[in-house]
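Only one chain is shown below, in structure tokens, and it's the form predicted alone.
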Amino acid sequence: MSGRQTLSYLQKRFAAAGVKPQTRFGQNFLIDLNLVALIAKTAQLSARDVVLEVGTGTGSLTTIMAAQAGHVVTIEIDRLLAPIAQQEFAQLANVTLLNQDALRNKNHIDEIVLEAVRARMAEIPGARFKLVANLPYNVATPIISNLLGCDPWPNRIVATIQKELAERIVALPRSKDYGALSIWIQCQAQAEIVRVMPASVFWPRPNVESAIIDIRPSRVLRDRIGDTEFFHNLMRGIFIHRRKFLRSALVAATKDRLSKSDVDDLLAQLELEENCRAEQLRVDDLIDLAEHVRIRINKIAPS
């Protein structure tokens, strides 16, 4: 790896191919080889793992992971960059490159991507699914968020993302960063920031700091939720106006399904003050609230 994805290597490689990094694809290449290696090391890869990488780049991280994992399905949207990456791992039988968008839309991972992962998992006994990537900033939130609602469900997510996003993911109640995304991830996974990275370790340099996030999904945590889709939608509805009192936010989020008196009754049942805010509640409290809301809606829904 000593000659791969350093600044000089990338500049020469791009110049020879007559291409430039594309801002519209969020292309910022990690040029610190120790950090590239740290991403793979944090993921604790083994021959059981089928890895999804979104943002192949020039294939630097891909080749490291291919030496450790059972298979790597790597996605590169840039039609000019994909052939360059393919040359880097052309001789590796356990790498599948898809030249396309990883997202069908902002709320769904493309089914072709998921099918490729499922197909490779079917070939490995006891296979595990992991996302390991230097994620383009412009798709980091929908990739991570949507993946936690997919089949297959990830065993681990290790990714380079914008520092601000990483701070939202690990945020605690009563903090400015705590919101629907924090809750959606923390309700089903443990998450921590592994390393904060300055802009200088990327080319071209972004205008923000980055971080490596380590997300470890847990079935035990996820099984606390009665209906994950309902929970996710309710949390997004409540946190659209995060400074609203919980009562007002809940009335707005359950519009046409619960009356104001229903909401008041639920809050009293859960011993929650009308003037408290959702951002003050722990994840466990919000799971409990969502389940009571779901049950109440199902009871009064017309048969």
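The first residue of the shown sequence is 1; numbering continues from there. On a predicted model such as this, the values are computed, not experimentally measured, just so you know.
Another form exists, predicted together with a small molecule; not displayed. Remarks below refer to it.
Using a 4.5 angstroms limit between non-hydrogen atoms, A102 touches the small molecule in the model of the complex. Using a 4.5 angstroms threshold between heavy atoms, Y9 stays clear of the small molecule in the model of the complex. Contact annotation: I161 falls outside 4.5 Å of the small molecule in the model of the complex, judged by heavy atom distances. Interface membership of M235, defined by any non-hydrogen atom within 4.5 Å of the small molecule in the model of the complex, is ruled out.
Partner proximity in the model of the complex, defined as non-hydrogen atoms within 4.5 angstroms of the small molecule, places exactly one of 179-187, 219-227, 136-144, 122-130 at the interface: 136-144. Checked against the small molecule in the model of the complex, the candidates L250, V54, A69, A278 yield a single residue with a heavy atom inside 4.5 Å, and that residue is V54.
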